[in-house]
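We begin with a single chain expressed as structure tokens, specifically the form predicted on its own.
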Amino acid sequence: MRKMLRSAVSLILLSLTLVHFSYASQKPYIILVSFDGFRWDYLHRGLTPNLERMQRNGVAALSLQPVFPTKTFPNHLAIITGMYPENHGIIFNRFRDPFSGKTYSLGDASAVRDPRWYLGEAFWETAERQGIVCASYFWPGSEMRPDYRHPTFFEKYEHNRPYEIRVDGVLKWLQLPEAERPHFITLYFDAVDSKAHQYGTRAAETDSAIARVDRMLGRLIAGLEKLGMLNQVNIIAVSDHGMMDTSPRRVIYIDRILGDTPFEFQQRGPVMMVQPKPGYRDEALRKLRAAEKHFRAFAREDVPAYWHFSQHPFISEIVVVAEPGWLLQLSGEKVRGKATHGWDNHTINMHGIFVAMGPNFKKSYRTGTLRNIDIYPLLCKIMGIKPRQNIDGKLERIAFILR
């Protein structure tokens, strides 16, 4: 009798194991690739044969609309959480908690790993909790503590790590035993953003960066083909924002406008947060509004609803937004670089790209502008898992691109 029971238990365990491996083999694969600062129209320069291949064999949007402000960390978190910055918590690349005095900065490894700043749930958290192994070869927020808040596999950000090593690292993860292998992977490249900041959007150096990141996409596709996995993997290429050229002739000096009104500020460039000293808020607003030319000044509670940038407590009492192409600075400061981003997310040159190819996407399909906050629910739909219910993204605005 005992022998029969042992045999029955063994058969049940074997069946469960086979079911597990069968399910693992059926789960979709997604590689989400970010090309930082890749403006929507860079696709039309004749420099991107691999992105063009993806467009022919998959889905291409006219553009990908970022969230406001159109900065790197706020938008990478919007993509991966499906939330606006006022809700996911990362309102700028650098900002201060006025209550504790602590500062979040993209260049501070301790800060970017501190979970206190991140109010949203990243897709890898949602997926891992529902049994999907995830990995990240760089993505803002992917290094955060504690362990359950980052992917199973992740790399600590190293700005100068060769791009070939990054791609090969992703391919190595896909060669792990099937039960250990990640089914969702992120990959990040900065070159297009970095070169455009330094040289401008029309520079030869920027074109070279566009071609370079496209070659890395080609390396990824070739690697998947070699592994016999290309037909199993969904590749989604996105960018966090676009880019616009600047000029030292298009600068507004906020301190000259405010004069002797005492204030503190955060950020320069397209957007500035102004915090007047106690009792000076109305005076500062009056001066700024009287001088409005090529910019607008808003009390925090009056920031236009379509920007979704008024509810977070770290947003200063006054938000000043420059007209696209204009910059907000203090007198005596020089304009750095030749292009930047951060302006109104409805400005087309602030838009990025969305190109996707794989078994879950339609083929040779063109659509209009998509919103980056809708990518999180799209990922959940592809993976067959339940999304968080407090997100801002909506599946119905993007699900039509799926087969």
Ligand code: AMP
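Residues carry their position along the shown sequence, with the first being 1. For clarity, every value in this text was computed on a predicted model and none was experimentally measured.
Separately, the form predicted together with adenosine monophosphate exists; it is not shown, and the next lines address it.
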*Looking at 293, 249, 159, 172, which has any heavy atom no more than 4.5 Å from adenosine monophosphate in the model of the complex?*
159
_adenosine monophosphate: the contacting residue among 72, 261, 234, 316 in the model of the complex [heavy atom, 4.5 Å]_ = 72
*Please check if residue 140 has a heavy atom lying within 4.5 Å of any heavy atom of adenosine monophosphate in the model of the complex.*
yes
_adenosine monophosphate contact in the model of the complex: residue 86, any heavy atom under 4.5 Å_ = no
_Is residue 344 part of the interface with adenosine monophosphate in the model of the complex - any heavy atom within 4.5 Å?_
no
_Contact label in the model of the complex: residue 281 to adenosine monophosphate, heavy atom within 4.5 Å_ = no
*Work out which of the listed stretches, 51-59, 358-366, 371-379, 64-72, brings a heavy atom within 4.5 angstroms of adenosine monophosphate in the model of the complex.*
64-72
*Identify whether adenosine monophosphate in the model of the complex is within 4.5 Å of every residue in the set 188, 194 and 197, based on non-hydrogen atoms.*
yes
